[in-house]
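First, one chain by itself: the form predicted alone, in structure tokens.
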Amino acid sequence: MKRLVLLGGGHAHVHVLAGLALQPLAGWDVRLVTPYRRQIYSGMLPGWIAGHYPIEACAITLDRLASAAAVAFHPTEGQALDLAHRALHCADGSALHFDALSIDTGPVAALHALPGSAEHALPVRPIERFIEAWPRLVSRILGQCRRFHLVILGAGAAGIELAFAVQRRAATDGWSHLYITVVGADDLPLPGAPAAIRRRTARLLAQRGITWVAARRATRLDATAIHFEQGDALAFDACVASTGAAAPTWPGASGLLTDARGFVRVRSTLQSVSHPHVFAAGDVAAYAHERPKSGVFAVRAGPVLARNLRAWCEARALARWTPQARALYLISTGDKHAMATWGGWSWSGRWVWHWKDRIDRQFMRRFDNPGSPGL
């Protein structure tokens, strides 16, 4: 029997599992390899921090979904690929041989070029580790009577949503001694967003009492401060790093063709450019038509990946996919208020948050009943 290995439990592989729950892949042994038994939907993580959702509402149970799809679940991390022998070497010491491999492991925190960050910053990714560390950070905040200074390094959508969510939680739970600072390399937060929404975000940060430190590039961290290329160091009691996505080192080390940043280069069929029996999607992939690292494109790639993996295993023609040029971005601002961007257009208000909430809940409901025809 041939074997398909799904490496990683990202948004695209959730669609693959849902499709297999509806229609198993005849003649193939399918395995899911991921260290986490659930996948946290990143779009709802700020809502959990702010107190709008329990963590269970933000999680897709991967082991349950795999079971419904008759996919064997391996709770371990893939660490190396031997492409010559078609083997995946795992952290638990096992080696899984495969005829086809699909990679959806997501990125790693982009901290390798920032000395001291591994020791002195809490990265947002991997999300499960952040969730595990969050209660300890809350305990530190509550255990300190004097001013507690939390610095969020990175002013992209994830960092901005996190800042607003923490501020909302602080206001709700009475953490009056918590002071939040967001540090970005640009003059305004949300690089790449329309200018109007960037200015609106800067104003909203000020209205919420969140300090915005602009145009500062960090060079290193120590236990109590961030140091910059220019200007004085910024002291902190805790630092959360949301500095964007970096590629893991093992794809390039294995011999897979990668882009200059180390992400797996794929064709429009989501096949590796160098090894057509290897597929990749989500943030770990460098698409034929370059797009930003965003969960939006991972979700959109999911149905295409599911169809093409099945087609490859059944020796049928594969479909080509071009990600949409524009994507809808919905950015929550803490107190059931949100901003939206579409190309050069932008909106904000409570109605945007309710729109986002409805989209997020509908997405999660799709995976509540594996094998349901509604998928």
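Computed from a predicted structure; not experimentally measured. All residue numbers refer to positions in the sequence shown, first residue = 1.
Not pictured, yet referred to below: the form predicted in complex with a small molecule.
K.L.:
Since exactly one of 202, 83, 127, 185 fits, which has a heavy atom within 4.5 Å of the small molecule in the model of the complex?
P.N.:
Only one listed residue qualifies here, and that residue is 127.
K.L.:
I need to confirm a contact call. Of 330, 68, 318, 313, which residue comes within 4.5 Å of the small molecule in the model of the complex, counting heavy atoms only?
P.N.:
Selected residue: 330.
K.L.:
Which one of these stretches, 333-341, 346-354, 29-37, 51-59, sits within 4.5 Å of the small molecule in the model of the complex when only heavy atoms are counted?
P.N.:
In short, 29-37.
K.L.:
Please tell me whether any heavy atom belonging to residue 17 falls inside 4.5 Å of a heavy atom of the small molecule, as the geometry stands in the model of the complex.
P.N.:
No.
K.L.:
Indicate whether residue 258 is a 4.5 Å heavy atom neighbour of the small molecule in the model of the complex.
P.N.:
Contact check for residue 258: no, nothing within 4.5 Å of the small molecule in the model of the complex.
K.L.:
Test of understanding: in the model of the complex, would residue 7 fall inside 4.5 Å of the small molecule by heavy atoms?
P.N.:
Judged by the heavy-atom cut-off of 4.5 Å, residue 7 is in contact with the small molecule in the model of the complex.
K.L.:
Even though the small molecule is not shown here, does residue 45 get within 4.5 Å of it in the model of the complex, heavy atoms only?
P.N.:
Heavy-atom contact with the small molecule at 4.5 Å: present for residue 45.
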